[in-house]
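Only one chain is shown below, in structure tokens, and it's the form predicted on its own.
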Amino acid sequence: MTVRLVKCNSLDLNLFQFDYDLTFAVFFLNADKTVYARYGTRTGHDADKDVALEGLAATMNEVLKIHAAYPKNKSSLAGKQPKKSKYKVPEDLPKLRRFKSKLDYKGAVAKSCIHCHQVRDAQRFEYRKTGKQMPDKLLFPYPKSETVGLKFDKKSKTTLAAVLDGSPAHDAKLRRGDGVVSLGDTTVASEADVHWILHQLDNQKRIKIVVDRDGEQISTTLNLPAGWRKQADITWRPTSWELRRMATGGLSLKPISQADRKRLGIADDKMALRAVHVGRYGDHARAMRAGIRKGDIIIAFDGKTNLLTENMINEYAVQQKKPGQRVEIKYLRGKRERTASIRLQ
């Protein structure tokens, strides 16, 4: 049986756990709700570069093999199973309680729909209100495979198209053409399975990986360096807009060019982030109301000049600072230095 879900209203959060920033996600389930596999991956703004019909078909064929061996292989699927959720459905989350379980098809359909990304927005919003440091898993969810050096061929099940130099996968002597069989003792049938397993890791410093190389299964270990999860760029994620509201009052930031650094005399190890978007409405407009404009170059945030990316600023703001605290932002307009002050949310 195939079921298509086009909304998150009344979604079973104890079962359908996935990367909520995706535009397309597939679950393969047994009738007893055991998850055989997930499919659907996104590592940037262009979702099409990460998925393909050929890859989906390859995963589906693998799922048929998993199903044929079930339940004898149930232990090898344990790492794919969802975790107990604090809330049963999205409408139970405090920020989403205004929504109903069904869409208003006779009225405002879009406004009555809970979009996937709003689930994570609501989870972060709730955690932020506690005043506690936001955990890495919530801030940097579903780290892409490239974070550990694995680049998959999207037209295959789990075949490596490349192994990135200097990465944990490179150090583990993995090769282009290897097919990932399992990660951390869990059978994988897609890149999405890999992302799920990586997401579940907490403070582990290593994880076992088994690959098929020319018909021979080879077992090795990925040694994970400190901060590996934070290497993932999350600015493409729709949920980053809520982080921007919390951290910078609605700024989207990009590093300036080397030519502009040279022209302005800014060293490579100093912050220089251009405001490519400045929010104009509601709480997303706090930076604008403080005087910052599109095109301004941020050179210091709360006295810090070593936060070289938008990721690093957002991380600092929601892990080191609390809602309600004020931060000073120094920026250049032309060559003139200015200062703005915003209250974090």
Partner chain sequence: MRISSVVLPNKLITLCLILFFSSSSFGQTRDEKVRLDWQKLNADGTWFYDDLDAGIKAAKKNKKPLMVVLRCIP
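For clarity, every value in this text was computed on a predicted model and none was experimentally measured. Positions refer to the first chain, counted from 1.
We do not show the form predicted together with the partner chain, though everything after this point is about it.
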Contact with the partner chain in the predicted bound form, heavy atom within 4.5 Å, among 294, 289, 45, 33 goes to 33
Work out which of 278, 308, 29, 299 lies within 4.5 Å of the partner chain in the predicted bound form, going by heavy atoms. 29
Given the stretches 312-320, 279-287, 52-60, 299-307, which is the single one in contact with the partner chain in the predicted bound form, using a heavy atom cutoff of 4.5 Å? 52-60
For residue 83, is any heavy atom within 4.5 Å of the partner chain in the predicted bound form, or not? no
Could you tell me if residue 110 has a non-hydrogen atom within 4.5 Å of the partner chain in the predicted bound form? yes
Heavy atoms within 4.5 Å of the partner chain in the predicted bound form: does residue 325 have any? no
Taking heavy atoms and a 4.5 Å cut-off, does residue 106 contact the partner chain in the predicted bound form? yes
If you apply a 4.5 angstroms heavy atom cut-off, which residues in 113-133 are near the partner chain in the predicted bound form? 115
